[in-house]
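The chain below stands alone and is given as structure tokens, in the form predicted on its own.
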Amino acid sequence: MQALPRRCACAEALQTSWALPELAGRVVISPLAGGANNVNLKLAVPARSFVLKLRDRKGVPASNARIQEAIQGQGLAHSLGVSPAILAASADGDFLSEFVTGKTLRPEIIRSDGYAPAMVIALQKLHRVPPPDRHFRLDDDIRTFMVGATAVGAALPQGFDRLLQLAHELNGIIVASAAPVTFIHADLVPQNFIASDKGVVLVDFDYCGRGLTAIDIAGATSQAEMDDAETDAFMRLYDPDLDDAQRVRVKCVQFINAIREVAWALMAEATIGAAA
């Protein structure tokens, strides 16, 4: 990715082309933590701040992210009150959004401050709107990541081929079972949950789309490192009519998502190591 001076130059060029009154005057630019496919910059003006996401054009295809769908998805989520507003976007997928001040919901914070109910409320809002056209499947991501892993010569863990096969088989069974499908975020790592003074909001909609509702429940609970009892309590908050079929489905999706994460790591670690 670009060095900070080049990132700032990109930010200034976009600032000029967008000509937003919110960015009139002196803007202080500083780096923020970013994902594998982007650089995030904080653009601060007196009394207000924004986030500019600059895309890595080469990294996006390998990651299976959909940048225009991400912008549309975050816009929909903002209309529901669970994501910051997007103020401007480029044809290449760079975009400027509101900066959210709050806590990143890492596992220890979720437990100590009791944020699970607020997380459930955010997901319920997201899941109760008509889903967009883009379909999201975990096994599609796994296939894409494994193509990338093979391309960089990543060494597969012993027995991983069998786990891959099982993940694809389970995913097919769940999809064929007519399990609930909604608008999902599909990448609920801790840094994508932020507790603000207006409630829990979600960021980074690169994988959002029409998908199994269980993907978000499984992702949120596993990434929060919830044990079986905590997961059950979370799911019961989400659906008071929780039954064993839902429990089994989420368990299976947690496994499939774990294989997805390993496939991503095999691809990304070899790529990052080569670039370091």
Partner chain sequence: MTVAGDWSYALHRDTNLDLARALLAGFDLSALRKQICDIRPGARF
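Residue numbers count along the first chain shown, from 1. Since we're looking at a predicted model, the values are computed, not measured.
Omitted from view is the form predicted together with the partner chain, to which the following refers.
Trainee: State yes or no: in the model of the complex, is some non-hydrogen atom of Ile174 no more than 4.5 angstroms from a non-hydrogen atom of the partner chain?
Mentor: Yes, Ile174 is a contact residue.
Trainee: Would Pro180 count as a contact of the partner chain in the model of the complex, using a 4.5 angstroms cut-off between non-hydrogen atoms?
Mentor: Flag for Pro180 set to yes.
Trainee: Does the partner chain get within 4.5 angstroms of any non-hydrogen atom of Phe50 in the model of the complex?
Mentor: Heavy-atom contact with the partner chain at 4.5 Å: absent for Phe50.
Trainee: With a 4.5 Å heavy atom cut-off, would you call Gln158 a contact of the partner chain in the model of the complex?
Mentor: Gln158: yes, in contact with the partner chain in the model of the complex.
Trainee: Just one stretch in 66 to 74, 42 to 50, 22 to 30, 208 to 216 has heavy atoms within 4.5 Å of the partner chain in the model of the complex, so which one is it?
Mentor: Checking each option against the 4.5 Å cut-off leaves 208 to 216.
Trainee: Exactly one of Ala88, Val129, Leu163, Val100 has a non-hydrogen atom within 4.5 Å of the partner chain in the model of the complex; which residue is it?
Mentor: Contact check passes for Leu163.
Trainee: Looking at Asp197, Glu169, Asp133, Asp113, which is the one with a non-hydrogen atom within 4.5 Å of the partner chain in the model of the complex?
Mentor: It is Glu169.
Trainee: Heavy atoms within 4.5 Å of the partner chain in the model of the complex is the criterion; list the residues of 210 to 238 that meet it.
Mentor: Residues within 4.5 Å: Thr213, Ala214, Ile217, Ser222, Gln223, Met235, Tyr238.
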